[in-house]
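Encoded as structure tokens, the following chain is the form predicted on its own, with no partner shown.
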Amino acid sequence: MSKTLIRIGYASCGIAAGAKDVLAVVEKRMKKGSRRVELQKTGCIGICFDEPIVQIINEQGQWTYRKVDGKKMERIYDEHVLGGAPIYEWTVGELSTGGEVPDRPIFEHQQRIALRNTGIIDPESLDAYLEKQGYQALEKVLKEMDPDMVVKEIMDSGLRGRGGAGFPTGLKWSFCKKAAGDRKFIICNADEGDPGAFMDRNLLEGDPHSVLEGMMIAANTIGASEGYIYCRAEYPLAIRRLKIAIGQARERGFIGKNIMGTEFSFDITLKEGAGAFVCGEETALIASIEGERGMPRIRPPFPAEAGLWGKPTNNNNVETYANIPWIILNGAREFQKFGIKSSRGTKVFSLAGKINRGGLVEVPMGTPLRKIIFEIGGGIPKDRRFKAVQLGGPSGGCIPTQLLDTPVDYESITATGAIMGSGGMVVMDENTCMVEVARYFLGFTQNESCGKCTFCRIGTLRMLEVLERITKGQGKETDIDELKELAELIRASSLCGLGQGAPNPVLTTLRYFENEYHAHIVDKKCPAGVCKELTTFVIDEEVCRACGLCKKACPSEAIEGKPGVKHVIVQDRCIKCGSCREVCPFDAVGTG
């Protein structure tokens, strides 16, 4: 009789949702001696909102269970694994042919290239990666292609750096390949620091060998024999699985001397970063690897000419390297079939914030924001109105409702005032204050400024002071002009992308939501009811159904009312936390 495979999503999102309890149940039951059961831990398949995920695969079919806990797993094991009777009310549909991804609307518009193995293979098993054509691209490069052929293939594919700047990957490799130097280095930038971004973490937790293989192909192409992966220490699971993957690859001869019987030798060192956002900038990252304080350097010279320890260095991010093996095996033309002329291939995005289906998606370049947020992401919880999406992290910007049909490509996103960035999308609904959003992101970049540039160090502080004054009801009519003036000075005078992009959240919120600034400054009101000094919560007596949910949720006992009697908020006791508005199912709580 064939075995039943139990596949548990065991990435950070799954573990946070309770996957450890699920795993414990399966391991305990397997100890009782069932030889028909095989257990596999995988990374995240992307549907983080449904974690913990458990997939059951056998000769009768393939099923995905959602939001599994220990008690549910007990029943799934007894009734489905042993008894052969799926519990359909807990499933999200059968898996597609081959058992790759669940058959759900969230996957209909996706194309998985970088994420091709995540949530499918055991990330701690080299053999699992080899079964998915692992290291075949490296073998092809070493035995069938010369470096010029590889550069041409990557250039023809149209792959652009997925770390944010979008510089053509093949062109970057060609610069480093041509640079003179007795030593050259490869760096993988895994210092993912944007709020709401977790694409690189997912890849490293779910398919680390694909990143290693991409790095080795790049190393052979430019003539490097040493590589570094710079990963922030806040990613302990990613780091652990990287260490396992590097050890496995070294033990099996994929890393080391004379790889695959060729003259190519390569080794990789894992460097843990301390969490400084500025170290996502490549020259600051290089300084950190060298043991110096992570601060940007003047360019030129660019790292391709003089990078790590003054030697030619190629630096790409995690997602960029993960695409390389697929391109080498399938060809540039296949990669070009996805995306649009100026932005080829696919892009991984993390969906976070006010969205029903938070998680990871990978879509062809050029996919409209509306399709990503509403068709794939499931829209806004509680049927509230979409207001904006923050794209590109702290150096990005806020894109409003009227631009929802903007295609996601480098040029189109830049035209909105935002940037593609590494791929974090933070969705905001009608109850989001855009002035507070600008203040939050400005506060983040000001706190993360390395201090090297006066305009970044002091200019962002002055902007933050203005924004804080506005959100407290102390704004002046001259503040808007002052913010715009400071923003232009900071953009023009900062050394690196962190400083140059720091004003973007302010500029885009001013561009699309200036009316909210005026409401804060002139009317002394926060239309979204977020800024405490400018907000008064009230209950609409005509809408209130006296259900009592708001009274139960209020932490300060500021709501009075009996069952069947309209409720009221006692303003002297209200701490303006907004809990009443969040729980009210009738939208009876508003701001006055």
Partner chain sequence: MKPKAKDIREIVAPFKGDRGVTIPVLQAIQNVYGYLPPETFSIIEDELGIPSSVSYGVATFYSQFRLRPVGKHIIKACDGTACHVRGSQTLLSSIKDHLDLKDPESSNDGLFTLEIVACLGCCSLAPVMMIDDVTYGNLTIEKMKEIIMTYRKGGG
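Positions refer to the first chain, counted from 1. What you see is a predicted model, and the numbers here were worked out from it, not measured in a lab.
What follows is about the form predicted in complex with the partner chain, which we do not show.
In plain terms, the part of the chain that comes close to the partner chain in the predicted bound form, with a heavy atom within 4.5 Å, is 345 to 353 out of 469 to 477, 120 to 128, 345 to 353, 216 to 224. Using a 4.5 Å cut-off to the partner chain in the predicted bound form, each of 198, 232 and 290 places a heavy atom inside that distance.
When the partner chain is considered in the predicted bound form, only one residue from 369, 304, 113, 426 comes within 4.5 Å through any heavy atom, namely 426.
Exactly one listed residue, out of 156, 272, 375, 74, brings a non-hydrogen atom to within 4.5 Å of the partner chain in the predicted bound form: 272.
Contact check for residue 531: every heavy atom lies farther than 4.5 Å from the partner chain in the predicted bound form. Remark: residue 450 counts among the residues lining the partner chain in the predicted bound form, judged by a heavy atom distance of 4.5 Å or less. Although the partner is absent from this view, residue 80 stays clear of the partner chain in the predicted bound form, with no non-hydrogen atom inside 4.5 angstroms. Proximity of residue 183 to the partner chain in the predicted bound form: non-hydrogen atoms within 4.5 Å are present.
Contact annotation for 441 to 460: residues with any non-hydrogen atom within 4.5 angstroms of the partner chain in the predicted bound form are 441, 444, 450, listed in sequence order.
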